[in-house]
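One chain comes next, on its own, written out as C-alpha cells in the form predicted alone.
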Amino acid sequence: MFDPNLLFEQFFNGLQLGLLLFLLAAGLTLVFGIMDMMNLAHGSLYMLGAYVAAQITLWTGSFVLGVAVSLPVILLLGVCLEAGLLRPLYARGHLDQVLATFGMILFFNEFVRLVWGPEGIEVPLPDFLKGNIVIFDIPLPNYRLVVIGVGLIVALMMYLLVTRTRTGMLIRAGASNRDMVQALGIDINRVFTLVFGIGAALAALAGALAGPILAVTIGMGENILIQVLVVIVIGGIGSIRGAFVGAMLIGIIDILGRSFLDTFFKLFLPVNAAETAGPAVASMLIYILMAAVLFFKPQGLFPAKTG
C-alpha cells in the first residue's frame, strides 16, 4: 500500500544523499573540467577527510571542531599532491593519469590501515545534533537537516565564486583557453593549485559530514566515487550547476528506487520475483539515466560553456 509519509521521508533522504554527492562532484568536475585531470584519488581525499574529522572528534569531543580541522588539513594535502605529484601529469594522457591516481588510492588505503587500523571509526554526534524535527507528522533527523543546509550553502557559495568573482573568472577562462590565460600573464599553475585545493576541501567536507551517517572505513571513497562520476557525466563536465542538478537527480532516484521498486513490481510480478528484481533494477537506475542523458545530450545537461 502506498504510504505518502514514507515517500516524503525517502525523498528527504535522497536530497541529503544528493547534496553529499554534490560536495564531491563539485570539486571533481572543476578538476576534470578545468585541469583536464582524471583524478581517481578524489575519493581518497573524501576518506581522509572523514578519518581526520573522526579522530579530532574523538580527541576533543567536538564534532564541529573535527569538521573544521579536516578542511584545512585536506586542503593543504591536496595542494601538496597537486604541486608535487600531479602537475607533471597535465601533459600526459588520461590513461597515465588514471594509473597514477589509482596508485594513490592504494597508497592512501594502506596509509589509513597503518594509522587507524582496519576496523574503521564510529563518529559520535553531539547532543544538539541528535533527535528529530517533526514536519507534517514525519520525524526527520536533525543531523540530516544540517547536512542538507550545509550542502545548499556550499552550493550557493560555489555558484557565486565561479560566476561573480575575479577568481571565478580566471577559473572559467582557464577552462576555456588556458594558453590564452597564461599569455595574459596569469600564472595558470597557481589557478590549477587553487582549484585542486578547493576540490580537496569539498571532498573533506563531504567525508566529514558523511562520517556519522555512513561507516568511516578503508575504501569508503571508492564506493561513492562511481556515483560521483555518473553525476559529472549527467550534469556536464566542468559545470557547477550541472554537478548540482546531476547530484540531486542521482541521490533522489537512487534512494526512491531502492525503497519503492520492489513494491511497484509486486503489482504485476510474484512476490519472490519482485523482491529479486526490485533491488537489481534499482542498482541500475542511475546508469540507465546516464545512458539516456548521453543519448540525447552527449555533453551533459549543462555543459561548462553554458554552466
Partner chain sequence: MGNRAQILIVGTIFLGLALVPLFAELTQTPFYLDLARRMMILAIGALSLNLIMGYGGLISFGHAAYIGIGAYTVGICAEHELVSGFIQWPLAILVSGVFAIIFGLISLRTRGVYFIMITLALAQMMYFLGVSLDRYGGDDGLPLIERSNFGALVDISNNVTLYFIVLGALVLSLFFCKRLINSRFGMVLQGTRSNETRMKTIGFPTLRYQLTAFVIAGMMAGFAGALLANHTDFINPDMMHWTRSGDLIIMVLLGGMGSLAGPVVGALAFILLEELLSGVTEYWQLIFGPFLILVVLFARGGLLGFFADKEQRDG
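Values in this document were obtained by computation on a predicted structure and should not be read as measured data. Residue numbers count along the first chain shown, from 1.
Missing here is the form predicted in complex with its partner chain; even so, the following discussion is about that form.
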Partner absent here, but in the predicted bound form, which of 71-79, 147-155, 88-96, 190-198 has residues with a heavy atom within 4.5 Å of its partner chain? 88-96
Find out whether any non-hydrogen atom of Phe107 is located within 4.5 angstroms of its partner chain in the predicted bound form, and reply yes or no. yes
Just to confirm, Val230 within 4.5 Å of its partner chain in the predicted bound form by heavy atoms? yes
Would Leu256 show up as a contact with its partner chain in the predicted bound form if we use heavy atoms at 4.5 Å? no
Its partner chain contact at Phe260 in the predicted bound form, heavy atom, 4.5 Å: no
Scan 36-53 and write down, in order along the chain, each residue with a heavy atom lying within 4.5 Å of its partner chain in the predicted bound form. Asp36, Met38, Leu40
